[in-house]
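This document opens with one chain alone, in structure tokens, the form predicted on its own.
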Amino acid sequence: MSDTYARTTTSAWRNWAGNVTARPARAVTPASVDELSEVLRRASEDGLRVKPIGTGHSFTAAAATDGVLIRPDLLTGIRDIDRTTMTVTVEAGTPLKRLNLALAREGLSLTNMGDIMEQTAAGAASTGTHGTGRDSASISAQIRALELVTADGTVLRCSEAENPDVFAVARLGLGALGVISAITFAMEPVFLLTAREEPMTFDRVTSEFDRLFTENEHFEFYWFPHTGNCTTKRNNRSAGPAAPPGRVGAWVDDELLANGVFQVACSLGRAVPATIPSIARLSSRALSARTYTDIPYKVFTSPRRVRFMEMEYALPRESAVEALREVRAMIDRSPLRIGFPVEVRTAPADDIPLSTASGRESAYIAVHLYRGTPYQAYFTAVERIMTAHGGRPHWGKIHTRDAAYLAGVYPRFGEFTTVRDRLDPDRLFGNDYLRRVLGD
């Protein structure tokens, strides 16, 4: 323990979007599970609350603390690859990018993933990171076991067979139950996906949404406000051969247009909002249709260099089209100028109490605005529509819901809080965000 606090700092912490800052009493970088346990015991003795952080890609203050901030930089790497059970166990601070690259080298892959891979394994799981999928679910739903260090420094191993009540809730735990030190994910032999991206009108994609969802393993689309235009993406397993996008074409689409030109367009729109509808019409026509085949992480994920603010809600899948049409009508009759596309994805039902897809097939509607643009009026209006449809906010993205509302849309909410009361009765892992969304 003597060298753990040699890796202690007191500098301020800021999240990726820049909207959340914290000034912890100390920030600690433990290098082992034993050191992590001692950090928790010491914090409890000192009367300081504790929060682990990942890479700060959440837009909420879920990781903010004025106590002890635990950085995961030294708790990284793969502990074990088990080809018999087809699982991989990783240290909690391992970035998903590093995990994906390592698995690919071994001829292995996760089944599904979100659209970026900068987050840590524990951070992504703890906030409910998801991609889109008809049959395959979120990062949390792919967890087969986890190791959790609780408030008194106990190392608790959890799976369906060991501490199953904790395992049931801790796969998506918001950092409220303890500090995850390792996660075991299901994996499978690496496979190929064929991605088909093409423009489609708003009217067509909404009228054919059920068919597009049913016919494709992974379907998502983006609608450009102030236009009737969308871009769609269909990912399906393929026998190959691999046919990745050409280097120049990929750079043009993924870097020049999706990041470089889009950054300029966002900056112009923020400075001169009246230009946004015209920019939206141009942007919605800029990305051409393309089809390519590659390994999963190269299809599911893409670089996101333009920084933004985001709110996302999960709705019953059957409510998604109606809610999206209501969002469009709201924007059309308002003075709002929205320069970011609205994203729609899906997920199958899962059995995790605080998963946004818990117990129901879900569709996600995500709204964004360029960082530095006032977002409250837009997000408030969208949130009103989402909650009218029984929406569940993404735990890591901006929302205003509290425990009273959330208990009403999560039938197993009490199951989570019961385990929390047992594992952390003194709220060592509490903060203002958790007090709002989970209650005291």
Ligand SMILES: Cc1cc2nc3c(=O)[nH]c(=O)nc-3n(C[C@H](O)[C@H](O)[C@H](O)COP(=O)(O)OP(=O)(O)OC[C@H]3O[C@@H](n4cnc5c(N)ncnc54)[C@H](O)[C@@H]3O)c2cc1C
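Numbers follow the displayed sequence, beginning with 1. Just so it is clear, the structure is predicted and the values come from calculations on it, not from any experiment.
Below, we refer to the form predicted in complex with this ligand, which is not included among the displayed structures.
Heavy atoms of H57 reach within 4.5 Å of this ligand in the model of the complex, making it an interface residue.
In the model of the complex, this ligand stays beyond 4.5 Å of every heavy atom belonging to R171. Taking the partner from elsewhere, S355 is found to have every heavy atom lying beyond 4.5 Å of this ligand in the model of the complex. Heavy atoms of I116 reach within 4.5 Å of this ligand in the model of the complex, making it an interface residue. Stretch-level contact check against this ligand in the model of the complex with heavy atoms at 4.5 Å: of 233-241, 258-266, 108-116, 325-333, the positive one is 108-116. Interface residue among L146, A92, A320, I276, judged by heavy atoms within 4.5 Å of this ligand in the model of the complex: A92. Heavy atoms closer than or equal to 4.5 Å to this ligand in the model of the complex belong, across 290-309, to the residues R304, F308, ordered by sequence position.
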